[in-house]
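Following this are structure 1 and structure 2, which are two forms of one protein chain, each written alone as structure tokens.
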Structure 1
Amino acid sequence: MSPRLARIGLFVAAASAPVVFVLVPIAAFLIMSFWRVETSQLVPDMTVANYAAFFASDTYPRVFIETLQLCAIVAVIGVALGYPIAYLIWRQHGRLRYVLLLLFAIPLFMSYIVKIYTMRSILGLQGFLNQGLVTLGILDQPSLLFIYNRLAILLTMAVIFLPFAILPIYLSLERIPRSLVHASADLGGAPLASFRYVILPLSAPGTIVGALFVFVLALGDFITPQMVGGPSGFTIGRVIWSQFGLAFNWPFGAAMASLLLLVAFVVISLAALIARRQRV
């Protein structure tokens, strides 16, 4: 085989991988969302009954909207915590910068289940948080305020997805030429003014990407609501999981997953548009 044919074959293989492993499953979900279930069997009819049932329900749209609100709050918390951390790392020099970056990136290599159980050990009735508040005299006895409710879901998601906010923000800060910051200082700009008018606008694309990562990851998470949410952990991800599990209504689950995909696509498109305008 000639080198040119080998390169073409390698390119085709690389280009076909996203099609086979991403586009084909998505297309299968979209097609299945128009099917129906009859006597525990999938019937490949083309019908919009699943979408009609979703919007006709009083429960599913409400859960969908509440999940969007929850994920938006998680994204805001992720950026609010991630930006100062990323900025602190960016301001360091030498090896310390990369050591700090590695410390905050280590959770990405840990098991997701382990991280959730760690959060449960912190937020639980006998967890570190409750014990600390009791020791300080803030609480008289351990409380269920931090576990098995939406606050627990919010805190757990915010902590687990925090590295996905830090890394894009740090990379955006890393691309800012130091000469611009020095020029702002030479022109009499105070540190706060330099941050507001130079650093913050130039790091806005990375901040948007970080918020987007956190939002999309939280949107499809069904394990966290199930493990720390309790009866209040009824999110759209958990509803979709139940349709593919006990309910065995794959077409209805595929319809809700398709709507979730549509929302994620719209959010990504809006974020890309905002980031593009920030660059201009």
Structure 2
Amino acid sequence: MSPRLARIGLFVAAASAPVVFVLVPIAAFLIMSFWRVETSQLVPDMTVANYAAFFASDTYPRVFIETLQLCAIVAVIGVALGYPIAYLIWRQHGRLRYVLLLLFAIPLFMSYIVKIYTMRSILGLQGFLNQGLVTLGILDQPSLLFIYNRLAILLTMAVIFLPFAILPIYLSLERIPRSLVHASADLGGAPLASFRYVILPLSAPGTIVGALFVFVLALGDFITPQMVGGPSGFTIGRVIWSQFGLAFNWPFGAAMASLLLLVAFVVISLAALIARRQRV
């Protein structure tokens, strides 16, 4: 066997598993978005009817846009709360810094379902938030303000995905050479000026990556909206999921998921681009 053939053979062997278990399924699902369903049977076809039905509908495009807005707000909350916390951790030294970092990383691995359940018992009609507000006299009686609506989805997602924002922001802060911060102080820069002209610009790319990361995570979540969103809190993830249960329209679900994939792909590419630039 020639060396060239051997090289190609080795590549085929190495690439086979990722291709079969990742790329082929993704291709299969993109293809299925052009199929149709007839009397509960999948029919292979090449029709854009699923996409046409999506854009012609009164509700789905609106739900899609609203989902993007919701995820954007969750990402903004993630950065608004995550940045100060990451900054606080970064300012500490030695063991304290490490312990703080670990404390805010641990929730990443706490059960996702249990987090949703906990948020439900905090936000619910008989929940701790309502009890607290009634006790404080802010509310006369427990209200449904915080549960089974969009606000509930927003708050729950913000809590679940916040730790995912803290970590990338912290990592981008950590990459700033200490000498730069000291130099800025030595040159007479007030702490605020150092922050404004040194720390903030240098940590901005990592912060944006963190926000994009949270955005994609929120975009694909369909269990949170289902469990705390109530009848009004629909997101595109929840609509897609329903196509695989009662509605049984896989091709339509695949078409909507393809649009979601497109958005996710753009966002991830953007994040990768920013991350690569930062390293240069």
Partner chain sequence: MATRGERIFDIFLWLLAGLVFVVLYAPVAISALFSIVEVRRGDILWETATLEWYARLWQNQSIMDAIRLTLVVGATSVVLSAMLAVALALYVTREDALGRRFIELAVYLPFLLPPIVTGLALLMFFSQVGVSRGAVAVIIGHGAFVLAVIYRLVVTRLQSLPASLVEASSDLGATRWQTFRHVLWPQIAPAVVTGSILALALSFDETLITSFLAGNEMTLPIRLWAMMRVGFTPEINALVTVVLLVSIALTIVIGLRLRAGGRE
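Fair warning: this is a prediction, and the values are worked out from it, not measured in the lab. C-alpha atoms forming the largest set that superposes within 1.5 Å between two forms make up the rigid core. For residue numbers, the reference is structure 1: its sequence is counted from 1.
Looking at the condition given, the form predicted alone, one finds it describes the source of structure 1 alone.
Fitting the two forms on the rigid core leaves the C-alpha of residue 20 displaced by at least 2 angstroms between structure 1 and structure 2. Residue 271 shows a C-alpha shift of 2 Å or greater between structure 1 and structure 2 [criterion: core-superposed Cα displacement of 2 Å].
Put the two forms on the same core and the Cα of residue 10 is off by 2 Å or more between structure 1 and structure 2.
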